[in-house]
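Below you'll find only one chain, the form predicted alone, shown as structure tokens.
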Amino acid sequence: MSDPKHPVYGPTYAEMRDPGLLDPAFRARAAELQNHLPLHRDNLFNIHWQDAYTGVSAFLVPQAVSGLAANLVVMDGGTFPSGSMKVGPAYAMLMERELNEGIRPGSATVIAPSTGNFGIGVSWVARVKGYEARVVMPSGMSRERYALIERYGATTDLTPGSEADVNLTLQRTQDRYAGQADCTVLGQFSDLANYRFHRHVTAEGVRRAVQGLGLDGVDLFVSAPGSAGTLAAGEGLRESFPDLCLAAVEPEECSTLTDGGRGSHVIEGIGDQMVTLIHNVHATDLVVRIPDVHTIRGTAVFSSSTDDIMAMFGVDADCAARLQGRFGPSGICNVVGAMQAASYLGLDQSRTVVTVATDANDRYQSILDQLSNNLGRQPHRRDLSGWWSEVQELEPARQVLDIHESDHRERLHGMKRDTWVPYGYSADFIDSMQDQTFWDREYDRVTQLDLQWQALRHPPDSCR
């Protein structure tokens, strides 16, 4: 390992939570770099939810689209560097490794088990910071994901299968890279820096987003695990909104959280046939199942022309333009899941639901091409217009499971233990996660980590 006292670079957790802590001139210059010089290292300071121009990286879904009485807010993860909010946890994990392990560029290759977006985020952060990176991922993901990883200079180590086969990437990582002196593994499913980022940074982004949209609070937060890191934002939001309901969404074809189902599905980025180590199952209230066909068709709907979107939903041109291209399949899954959960809870017009679009549709053209291949032609408006009515026909009482009931949380905790003990975590450590004080203690490390980082880093041009 290289000298751990050598300066490091990038934002603190506090600066990602509130980029207003940065000097305004520096922040404005960094924002300009994102479009013109996307690999400049000052882009690290663009890892946050705040929009430098509008103040909020979120949008309100029109009632004509959501069909809800409640307000539906979508956090726009596609505005982050690399095109996905997954870059935030990637940076946080590497930041903590630089602090705790003393790694520096040239001393270790960064290894990232992933099905795509996290691997893309790691590749971008590694390139900007000067590390070599390798992404361990399934071979059956969208071709755009591999292209972006390669664009940022990382290599791939491919395992068989697709999204539902992420366990093979974990096993490959364990067998080939864990414990190697010249490698550092960033494990999104098990690294609590992922949890810390979302509880500290994403939660504050949501608070500011709803305030910027003129709304009073948050009643329901909805996210589909993947790594389950984003769900930690719900825990952070409970500090301001203690009655908030937290819902996890999963593919109906891979109903792991609902009933232990482990089937295959086509929603990239979620539904990985496990309870992740960083999922605080005792903080989760609802589980929502969504058929994967709705997510692909929904992505196609919002990838179509603004004229088609206007015709299908009866919205105006400006609204159609705001919605066009904003959702990948997991984002559609989150939106449909939010609609189901809000309907299940009976939320009225005074209530607000928040969910996340992890990325945009630009990394899913090959998935949309497959839809065209299945139809034998490009989908027409009449092919897509039935999507909305099919979504409306879903029955919340069937799609939603309240895990307060029975012993569901204990069942999920047992699944977590069964998954992670073979990877070297003790049963006692995992069982300690049943107590909320475990999670609060891990979150409280943010303050000390920031102090350590500030003492070690090369400062940006000017900070307050």
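The first residue of the shown sequence is 1; numbering continues from there. Only a predicted model underlies this, so the values are computations on that prediction, with no experimental measurement involved.
A second form of this protein, the form predicted together with a small molecule, is not displayed here; the remarks below concern that form.
Spell out, yes or no, whether the shortest heavy atom distance between residue 145 and the small molecule in the predicted bound form is within 4.5 Å.
Contact check for residue 145: yes, within 4.5 Å of the small molecule in the predicted bound form.
Wondering, does residue 121 line up within 4.5 Å of the small molecule in the predicted bound form on heavy atoms?
Residue 121 lies outside the contact set for the small molecule.
Does residue 364 reach the small molecule in the predicted bound form, with heavy atoms at most 4.5 Å apart?
So residue 364 counts as contacting the small molecule.
Can you work out whether residue 226 and the small molecule are in contact in the predicted bound form, taking contact to mean some heavy atom pair no more than 4.5 Å apart?
Judged by the heavy-atom cut-off of 4.5 Å, residue 226 is in contact with the small molecule in the predicted bound form.
Heavy atom within 4.5 Å of the small molecule in the predicted bound form: which of 298, 337, 269, 88?
Here the answer is residue option 269.
Sort through 117, 169, 71, 303 and report the residue having a heavy atom within 4.5 Å of the small molecule in the predicted bound form.
By the 4.5 Å criterion, the partner-contacting residue is 117.
Since the chain is shown here on its own, which stretch among 203-211, 150-158, 353-361, 92-100 would lie within 4.5 Å of the small molecule in the predicted bound form, judged by heavy atoms?
Only one stretch passes the 4.5 Å heavy-atom test: 353-361.
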